[in-house]
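As structure tokens, one chain now follows by itself in the form predicted on its own.
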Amino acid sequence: MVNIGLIGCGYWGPNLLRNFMDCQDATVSMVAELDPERIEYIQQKYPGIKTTRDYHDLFGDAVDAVVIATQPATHFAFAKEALEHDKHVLVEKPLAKSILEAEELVRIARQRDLKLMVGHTFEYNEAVRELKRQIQQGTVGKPYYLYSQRLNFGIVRKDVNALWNLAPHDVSILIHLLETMPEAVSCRGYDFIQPGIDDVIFMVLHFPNNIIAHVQVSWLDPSKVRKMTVVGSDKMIIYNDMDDHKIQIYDKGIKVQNMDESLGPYDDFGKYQLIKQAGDVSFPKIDFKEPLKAECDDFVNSIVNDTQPLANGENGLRVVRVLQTAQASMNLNGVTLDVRKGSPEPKRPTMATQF
């Protein structure tokens, strides 16, 4: 059995706690939490789990792996300390708040032969996996562009902007679908509620092969939206996480056809025509499973069988690289920046929560 220690049982921690308690090869033996009400919740619901106000208690021999569900500013420090105590680590997204921090965590995990994983839950979503299968088997033809919306009238964060809070999911999904890193990014943010903390983000990612992706995230929207659209030369696909039909394939596309191939390449309007097609809509059957359970199972399995989890440290580093470049673009009023060249390192934040 893999003995899990959990740091933080606030907003997302209870979901992680529930799923790890359901894992066949794992159990949660200890939870570190400061809030007395959350401690009382754990003790009542899971009386067999030890609780502590000092997270250092999780670094003893009774714990094999540490799961971190705290504020983003604390992720690096908690994860680094856990790794240095030879604990496998699953940390909620984002992995860290800078490229240098993420690289350091990956390096420590590699040197100590430990599993490092980040909570990119949507990569374990069966609808996202179906969308990837459709793209890989050529259903859409040549992908032209993708756009995603992650909107909600939800929790307004004080410690992190919407880019670092919401966009990690969309960035991880896009890299997962296209199996490549974006080459450049431009990003703009707007702070309507709290000065300096952007509530709404508009980001454009430039991928190889002239594929463009647009990402909009906001916690200041009237309705909850979790939607991604893929537009290709042959067909178009909508992934809507809020719909019963989570994958919708539209037999629509526009192609360029040479009217007379003997005339050579079409270099004027008279030599070609645009062929538009519009057919049926299909809904692939998806055997949906809770993505977070699949994520937790993957983490435990990677420890038991010494495999690499899907959302491993390198995966988390790639997302942080995009986010840091996007933040730098925001600071420059939307200037397009090369992701491959990196961007100025932000100041390392202080620990927002003390245990």
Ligand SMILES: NC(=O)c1ccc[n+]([C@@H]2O[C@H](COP(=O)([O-])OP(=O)(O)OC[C@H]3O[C@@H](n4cnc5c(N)ncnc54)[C@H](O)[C@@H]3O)[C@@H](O)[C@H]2O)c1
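Computed from a prediction, not measured in an experiment: that's the story for all the values here. Residues carry their position along the shown sequence, with the first being 1.
In what follows, reference is made to the form predicted in complex with the ligand, a form of this protein that is not presented.
Engineer: Pick from 27 to 35, 323 to 331, 43 to 51, 300 to 308: which stretch has a heavy atom within 4.5 Å of the ligand in the model of the complex?
Structural biologist: Stretch with heavy atoms near the partner: 27 to 35.
Engineer: So in the model of the complex, does Ala65 come within 4.5 Å of the ligand, heavy atom to heavy atom?
Structural biologist: Answer no; every heavy atom of Ala65 is more than 4.5 Å from the ligand in the model of the complex.
Engineer: Taking heavy atoms only, is Phe207 within 4.5 angstroms of the ligand in the model of the complex?
Structural biologist: Although the ligand is absent here, Phe207 would stay clear of it in the model of the complex, with no heavy atoms inside 4.5 Å.
Engineer: Even though the ligand is not shown here, does Val339 get within 4.5 Å of it in the model of the complex, heavy atoms only?
Structural biologist: No.
Engineer: Applying a 4.5 Å heavy atom distance criterion, does Glu92 contact the ligand in the model of the complex?
Structural biologist: Looking in the model of the complex, residue contacts with the ligand include Glu92, since a heavy atom lies within 4.5 Å.
Engineer: Can all three of Tyr145, Gln149 and Gly232 be found with a heavy atom no more than 4.5 Å from the ligand in the model of the complex?
Structural biologist: Contact check failed for every one of Tyr145, Gln149 and Gly232.
Engineer: In the model of the complex, which residues of 1 to 32 put a heavy atom within 4.5 Å of the ligand?
Structural biologist: Sequence-ordered list: Ile7, Gly8, Cys9, Gly10, Tyr11, Trp12, Gly13, Ala32.
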